[in-house]
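So this first bit is one chain, no partners, the form predicted on its own, shown in structure tokens.
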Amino acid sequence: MESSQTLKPGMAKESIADLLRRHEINPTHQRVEIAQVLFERCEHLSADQIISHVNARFAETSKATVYNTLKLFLEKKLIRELIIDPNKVVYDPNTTPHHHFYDVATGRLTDIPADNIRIGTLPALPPGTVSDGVDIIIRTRPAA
């Protein structure tokens, strides 16, 4: 399947609809609007930020619709979910392997290319499980 990396800011809605179809997602109007917000901005957005951007452009879209669509996009590996802390979850349209700097003072997330971090041996996984990836978030703050 096509990576979200092939998406470009300002993509036509039909291109986004085609991408959704290739990921076996029915491209309803609301799903296309949500995808457009995610991919045209290429930012790490919270669900509330996505709702705000979608509703600024489109008639009211419910919170439930946005959350259900984000869950579907996650299941189809169209986006990644980053749990920064228990109260902060953002959605990342970049599904290529990479990690993040998180500035705790500003809340800004910055991508780190995967090849900039070397990971040694991982611990043995619990029986009956497989690895689904490794996400590294390096928390930073201004120097004192």
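The numbering used is simple: start at 1 and walk along the sequence shown. Here the structure is a predicted model, which is why all the values come from computation and not from measurement.
In what follows, reference is made to the form predicted together with a further copy of the same chain, a form of this protein that is not presented.
None of 108 to 116, 24 to 32, 65 to 73, 37 to 45 except one has non-hydrogen atoms within 4.5 angstroms of a further copy of the same chain in the model of the complex; the exception is 108 to 116. In the model of the complex, a further copy of the same chain sits within 4.5 Å of a heavy atom belonging to I84. In the model of the complex, a further copy of the same chain lies within 4.5 Å of some heavy atom of F101. The shortest heavy atom separation between D135 and a further copy of the same chain in the model of the complex is within 4.5 Å. Residues P123, A124, L125, P126, G128, T129, V130, S131, D132, G133, V134, D135, I136, I137, I138, R139, T140, R141, P142, A143 are the members of 123 to 144 with a non-hydrogen atom no more than 4.5 angstroms from a further copy of the same chain in the model of the complex.
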